[in-house]
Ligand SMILES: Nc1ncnc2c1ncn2[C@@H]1O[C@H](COP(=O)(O)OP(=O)(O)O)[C@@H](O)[C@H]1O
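Here we start with a single chain on its own, the form predicted alone, put down as structure tokens.
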């Protein structure tokens, strides 16, 4: 299959979308942005590649017949979870090796090296033992990023070892912090056919009672999906960090154009787009063809963006995904004076000291953020039907609720407001659509080195 790839290098996450020659999405991938942007792009592209491979798995499963075919189709979610588990375990092993190597070279930890090494091994063993439960169908994981999952599990393990009289917590976590930076700036190789076979074996072992028909059916699915080819012809990049992308300048597009076009592709009636990302907010007007006619962006300050919400989450020791649901529990909205990250912690602590509830404060913070976004929309020309909300903050239910209220207050209740579960991919989708234009026009752009190395 020939395809094109769009990559959106954001300040917080890097996204990739893969389209076939007909413009159909065959894979999406996301990872946390890191200091090595080329690795971030490569990992996002690998994730999209993996998603495309699972699309082949699903197609092969639907074509199955004979003994075990229906049961194999029922096991697809479990197969996907087992595959993600195999990936996690491979990265965990790389982390283990890196931590031990770092410890062996460390001058700081030389006096406690003999005590730290077995403690680290025991913590990693515990993470490995508990990991399968996090990847079963229906399991609630706080994140899909390896750093988040491994970090939370390692910190919990380090706390337990320290309480039991083991090495100091700070020293254990210090070794982890040094090693995870090294692991994140390296791209681990993925033998997807081998990982799929191991995942298939894991699924079958959980349900050996189904017998050989299930195993043979799963093997047929895996072999069929592994035989499919993916030929990536054109890459186009965009995003907050687009100037640092390892692409030729001809393969880089404005994030305004990409977000407008991506939103219009998903919701063709779109005329106004609000994109709230990690570092900036964009209010965009598009015409009937998805072409940008005007736009406004916030200034350099990150107030009102995802980064600000992340800062508030850290202050409250919450996960970013927990802010919206908690704010929805508010019974009264506290008026927040500042959305500046510099002063936010002081105001937050002051209000908590006054006895105000966290959920009420968070409701006020969400309203302040969305009021700021509404001012950008007004400066860009206002809100027109249809209005599409994109970006990572679109997945925050409180932000969506407040936005709907503000749009109704200022522009009437008749405006259609679109949200989409894949809204965070809009910029990458727009980039992929521009790549498809280039493919159809016969533009021969250089394939990035990370894609050539993985081919």
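The shown structure was predicted, so the numbers you read here are calculated from the model rather than taken from an experiment. Numbering follows the first chain given and starts at 1.
Just so you know, the form predicted together with the named molecule exists too; it's not on screen, but the next bit is about it.
For the options 307, 265, 216, 128, the residue carrying a heavy atom within 4.5 angstroms of the named molecule in the predicted complex is 307. The stretch from 394 to 402, 48 to 56, 408 to 416, 61 to 69 that comes within 4.5 Å of the named molecule in the predicted complex, counting heavy atoms only, is 394 to 402. Within 4.5 Å of some heavy atom of the named molecule in the predicted complex lies at least one heavy atom of residue 278. Taking non-hydrogen atoms only, residue 424 approaches the named molecule to within 4.5 angstroms in the predicted complex. Contact check for residue 320: a non-hydrogen atom falls within 4.5 Å of the named molecule in the predicted complex. Residues of 3 to 23 placing a heavy atom within 4.5 Å of the named molecule in the predicted complex, in sequence order: 10, 11, 12, 13, 15.
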